[in-house]
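Given as structure tokens, the chain that follows is alone and in the form predicted alone.
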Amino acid sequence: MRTAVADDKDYRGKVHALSRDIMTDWMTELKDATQTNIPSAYLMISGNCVEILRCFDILPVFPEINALQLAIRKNSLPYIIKSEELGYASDNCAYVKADIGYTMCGGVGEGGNIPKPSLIVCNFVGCNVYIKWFEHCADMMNVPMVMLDIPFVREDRPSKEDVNYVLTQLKELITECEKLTGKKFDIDRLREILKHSARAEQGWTRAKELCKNRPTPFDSYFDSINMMGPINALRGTKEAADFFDQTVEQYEHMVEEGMGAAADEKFRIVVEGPPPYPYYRNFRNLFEAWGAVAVQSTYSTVGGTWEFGFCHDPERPLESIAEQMIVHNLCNRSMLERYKQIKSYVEDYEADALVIHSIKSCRLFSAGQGDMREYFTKELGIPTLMVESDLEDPRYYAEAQMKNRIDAFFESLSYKRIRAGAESEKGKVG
């Protein structure tokens, strides 16, 4: 049965436009900062402590987002090649190579689009590649770096010792921010910033929960990209919190009207792994052709696993920041924890299949995905498709091969569904 579907203006257009506008304002702020003395700092997306920087009016800069923007605009390859000419290996993280190449070609600092950072905050969470990436940035630009060592998750909840360990480091970061800006730390201002964070996180959670509906109001893989900018780069601002209020209102309206992300939602899928940004639209089309809509995705939780109940707590400001950095983000969790996350998605959102997009240059996401496919297919009986390309490097995307595998997978699912329906009817007759 076909479902009501919002046209581009009502569905993708409205939420996309909201996201585009506030992210454009942020990127304009970055561009303007290249001509001023406004302090800025590099930091990571996953498990970051951006609220502390905002407390000192330090402009956050995310090299990952810079790399992503280069890829989605199909501008990443020249910078990747530049980095390889400098000695970076072909199997190094393509995010790193795109950003380093861009920096070496004058994209950072006066005349570029990204301000030269006043400080580099390496909040090591899960991926040790980032340590070397940020060390290289600090060395190239002669910028001081603060290293935050975040313990890997060993339990469902962080231990008191682990939280205190991170708290000590956060206080050291605060001291560095005071030296950089000449401002004293204001705990009450941090609480206000965390209120904005919590409101955005609650909105994100509500939006994701709406995907349990049939039809799902948005694609929680491809459309979640539009929400990842505000929740990750702009978290702690009123603009991000307001964005999620408006986004939830839009998606709740769609649910009430029975409007779905697809005109004919045939398959509900969960997706593991980042998308191939240089061919983002093409990749989405391969799934849309089969009426396949993502009801959940792991990639959308790299910044924080908000939908599992965590929000920053203004009453426990530094403690909640520490807890989020340790346990409430995807990248600092073990593969077994990721299994549990995916399993809950499949069950709670009534998904028909799991799709794994393995990233050629990202060991953090890709290591163990072969075993993951075996586990979900053989142990849990969940139909699982695994395809491979890269999130940044266009040389690893082969659309003909990708299409053949995706088509064959959904053809098989379609056949099984028809066969199951026929056997059900036969049983009724018998």
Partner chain sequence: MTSEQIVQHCRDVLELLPREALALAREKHPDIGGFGVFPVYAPLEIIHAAGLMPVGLFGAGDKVEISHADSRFQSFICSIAKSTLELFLRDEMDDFVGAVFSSICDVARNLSSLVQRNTPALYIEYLHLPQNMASAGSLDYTTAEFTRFRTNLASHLEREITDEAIGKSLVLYNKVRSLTRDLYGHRKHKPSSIDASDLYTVVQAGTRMMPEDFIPLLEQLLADMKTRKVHPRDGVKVVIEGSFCEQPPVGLIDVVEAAGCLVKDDDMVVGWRLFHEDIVANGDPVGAMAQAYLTGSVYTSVRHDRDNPRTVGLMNRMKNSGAEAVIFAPAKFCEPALLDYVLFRQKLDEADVPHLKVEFEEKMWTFEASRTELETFAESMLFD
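Positions refer to the first chain, counted from 1. The shown structure was predicted, so the numbers you read here are calculated from the model rather than taken from an experiment.
One more form of this protein, predicted together with its partner chain, exists but is not displayed; see below.
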{"item": "Contact test in the predicted complex: N113 vs its partner chain, heavy atoms, 4.5 Å", "value": "no"}
{"item": "is_contact(Y397, its partner chain) in the predicted complex, heavy atom dist at most 4.5 Å", "value": "no"}
{"item": "Any non-hydrogen atom of G381 within 4.5 angstroms of its partner chain in the predicted complex", "value": "no"}
{"item": "Residue contact check: K340 to its partner chain in the predicted complex, 4.5 Å heavy atom", "value": "no"}
{"item": "Heavy atom distance at most 4.5 Å to its partner chain in the predicted complex, all of H16, L180 and D245", "value": "no"}
{"item": "Answer option from A33, I58, M386, I65, heavy atom within 4.5 Å of its partner chain in the predicted complex", "value": "M386"}
{"item": "Listed residue (D186, D139, E350, E256) with a non-hydrogen atom within 4.5 angstroms of its partner chain in the predicted complex", "value": "D139"}
{"item": "Stretch from 143-151, 221-229, 288-296, 186-194 whose residues place a heavy atom within 4.5 Å of its partner chain in the predicted complex", "value": "143-151"}
{"item": "Residues from 51-89 in contact with its partner chain (non-hydrogen atom within 4.5 Å) in the predicted complex", "value": "E85, L86, G87, Y88, A89"}
